[in-house]
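Taken one at a time, structure 1 and structure 2 that follow are two forms of one protein chain, written as structure tokens.
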Structure 1
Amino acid sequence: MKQSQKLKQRKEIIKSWLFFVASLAFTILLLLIFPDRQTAVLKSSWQIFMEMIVILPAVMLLIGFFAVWVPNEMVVKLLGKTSGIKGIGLSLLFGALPTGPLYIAFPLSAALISKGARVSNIVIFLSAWACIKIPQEMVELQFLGVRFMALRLGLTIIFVIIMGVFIEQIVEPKATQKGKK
């Protein structure tokens, strides 16, 4: 399983390189045909490159720290048995803290379900994992500004909680009743 995933990832990376080379060749060709656009294109590319390179290495380092210091087993252990507001809060937090691609979060969530975690918490955990990552939010802050970032983050948190409760109602209405007692 792990081996095949690694192979798949390698294939993806090779594909990305091919995409890059193809688009670079295409751009060079276009620029040869339309030399008057050279300054606009080069300036935009250079600017975005500089903006990314001053922040991305630091963000990746932070992602590395989170991955090492917040082990997944700890997350499963703590989330498996909590419910109510505390469960929602922990699901959000533990979704936002550890890092890794979404496909790591699916087996984790499956483990959580088998440990008896509530559906609402699983959905909140998964969604937080997908879109509320602390290092990533710093990148959003830099490129889209504090108002955009804060507003989108706040709205996402609210809606993700609502969605979790809503999906739980549909999937297992009885469990919610039990949870309320």
Structure 2
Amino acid sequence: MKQSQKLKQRKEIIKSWLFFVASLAFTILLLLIFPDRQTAVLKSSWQIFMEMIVILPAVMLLIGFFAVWVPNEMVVKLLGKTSGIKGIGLSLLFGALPTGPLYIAFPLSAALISKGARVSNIVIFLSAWACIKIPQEMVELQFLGVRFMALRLGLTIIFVIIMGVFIEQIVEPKATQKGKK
């Protein structure tokens, strides 16, 4: 069993590197086709790289603390299969509170899934992080009015929940099928 797990990890690493090399080759090809865009692409890439270098180590440290200090039972209770409406509400709240780029939420989501969080709650969390931010709602209220903000927020919440449940129906059966093989 340990051997097959190592083999699986090795395959995942190889796939990641192949994707990286293919992306890099495609980028170089595009830069050769459109040489006038090289400066803008390189400048933008450097800015994103520097942002990630500053943010990601702190995020990884926090994810490490989360993995060690937060018990699996707590995650299962609050966001697991039996969490129901409470899990949906917490997922919406946890996704709407933080500010920052969405790529920060992905390692946290992976940690939550590994601790037993429900797929629908993770989709809701990620979608709330991307679409529902408390500071964003205040700015939206100021510029677009209460009616617009309330309608957009209400519809976003409804469709985020529907999307989470729908994606779980697609992902869960596939995970179950993989487990049976």
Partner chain sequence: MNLTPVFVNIFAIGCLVLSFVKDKQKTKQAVKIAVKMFINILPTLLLIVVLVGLLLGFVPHAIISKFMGDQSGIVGIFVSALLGAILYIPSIVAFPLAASFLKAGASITTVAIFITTLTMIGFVTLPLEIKELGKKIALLRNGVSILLAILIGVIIGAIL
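All residue numbers here refer to structure 1's sequence, counted from 1. Just so we're clear, the structure is a prediction, and the values are computed from it rather than from any experiment. Between two forms, the rigid core is the largest collection of C-alphas that superpose within 1.5 Å.
Trainee: If only one of the two is the form predicted in complex with its partner chain, which is it?
Mentor: It is structure 1; that copy is the form predicted in complex with its partner chain.
Trainee: Any chance the CA of G89 moves 2 angstroms or more between the two structures, core superposed?
Mentor: Comparing forms between the two structures, the G89 CA shifts below 2 Å.
Trainee: After a rigid core superposition, would you say the CA of I104 moves by 2 angstroms or more between the two structures, or not?
Mentor: The answer is no; the displacement is under 2 Å.
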